[in-house]
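Just one chain is shown here, as structure tokens, and it is the form predicted alone.
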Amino acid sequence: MNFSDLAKAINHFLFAPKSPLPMALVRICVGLILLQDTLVHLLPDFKFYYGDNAIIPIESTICKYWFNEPYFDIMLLLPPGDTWKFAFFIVFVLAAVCMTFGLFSRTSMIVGFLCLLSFDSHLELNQNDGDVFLRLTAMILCFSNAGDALSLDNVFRARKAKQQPAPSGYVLSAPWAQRWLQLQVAFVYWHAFVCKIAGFSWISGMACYNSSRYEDCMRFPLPIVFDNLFTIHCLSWGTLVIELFLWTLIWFKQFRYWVLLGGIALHLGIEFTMNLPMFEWIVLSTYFAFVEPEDLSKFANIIRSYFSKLHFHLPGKARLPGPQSSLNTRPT
């Protein structure tokens, strides 16, 4: 392969028109996660974290965490008073709702990202790695075609053009933002893998035993497999293998879905054993970016066919065959 062929391959990878369906599913998942973040995590203790008399005043945040450097925080521009900050919070919630349903998609994704960035900057202690990755994903969505499918905007555009919105009628566009998200996910797993193999606990196979003993992070009582040396070794080394594949073999279509299945098992296992709010779900939502639109359509057709058969066999829905039911004719 010469340089010209490499340039053509990169150009095709980044800009060959693709369906917006995978990124639309990422948009819906991120919108739901933002709603869960705002209404479940932020709302109950809103004044405690972000009010005028918050546990950490913004002056301390600027000095101790921003080191007096400029940070993006829209709440610094608001007039004093908790009412204005709560109004800004309502804007955040509305942006998440619009993002989920695909209403004013581009605007809602941008507003949602800027609000999330402001809340994270305003109190940096009130976030974990899940918030950081959620912020990155929300930023990438702002540049994507995620509003061109599974959205109210798409329905309104079709009605304005007097057409019926159909899954096969999505507007194709350059998928460079989708590739950006794919590369970001691969980089996360590369970084996790490199950091793990540099430590003794993962190479020795005891990391899962140590990490499962943090009582403040436990979600449910641990199953007995975490008390067996053999299974502990398998889980620790299996994690390394899965994370290795999630930034290497995931780029090959023949291995991709098996690798994603391993990643789903890994993150659901972490979700069951450890209480890390949002982290596992935001990572799993980005897996849609790796699924081919054709496979998503096939899966949707299988689900649709299953429910149509279920509906046909429901009690009270069966009908006796008509007089021409045995004839091999096609209705006109």
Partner chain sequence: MIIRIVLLALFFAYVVRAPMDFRTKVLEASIRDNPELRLLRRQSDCERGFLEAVKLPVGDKLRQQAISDLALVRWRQLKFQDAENLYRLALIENKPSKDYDQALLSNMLKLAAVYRDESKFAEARSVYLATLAYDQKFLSKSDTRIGRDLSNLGINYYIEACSKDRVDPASKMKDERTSLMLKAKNYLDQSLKFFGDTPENQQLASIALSNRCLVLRDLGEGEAAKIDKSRANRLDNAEQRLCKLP
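Each form is matched to the other, and the largest set of C-alpha atoms that superpose within 1.5 Å is called the rigid core. For clarity, every value in this text was computed on a predicted model and none was experimentally measured. Residue numbers count along the first chain shown, from 1.
Same protein, other form: the form predicted together with its partner chain, not shown, and the subject of what follows.
Does residue 214 reach its partner chain in the predicted bound form, with heavy atoms at most 4.5 Å apart? Contact with its partner chain, no.
Does any part of residue 101 reach within 4.5 Å of its partner chain in the predicted bound form? Heavy atoms only, please. Although its partner chain is absent here, residue 101 would stay clear of it in the predicted bound form, with no heavy atoms inside 4.5 Å.
Residue-level contact is defined here as any heavy atom of the residue lying within 4.5 Å of its partner chain in the predicted bound form; does residue 63 satisfy this criterion? Residue-level check for residue 63: yes, a contact with its partner chain.
With the cut-off set at 4.5 Å between non-hydrogen atoms, does residue 183 touch its partner chain in the predicted bound form? No, residue 183 sits far enough from its partner chain in the predicted bound form that none of its heavy atoms falls within 4.5 Å.
In the predicted bound form, the residue from 222, 172, 125, 76 that sits within 4.5 Å of its partner chain by heavy atoms: Of 222, 172, 125, 76, the residue with a heavy atom within 4.5 Å of its partner chain in the predicted bound form is 76.
Position in contact with its partner chain when the complex is considered in the predicted bound form, options 136, 117, 235, 188, heavy atoms within 4.5 Å: Residue within 4.5 Å of the partner: 117.
Which is the contacting stretch out of 127-135, 242-250, 76-84, 196-204, given heavy atoms within 4.5 Å of its partner chain in the predicted bound form? Among the listed stretches, the partner-contacting one is 76-84.
Shift of residue 53 between the shown form and the other one at or above 2 Å (CA, core fit): No, the C-alpha moves less than 2 Å.
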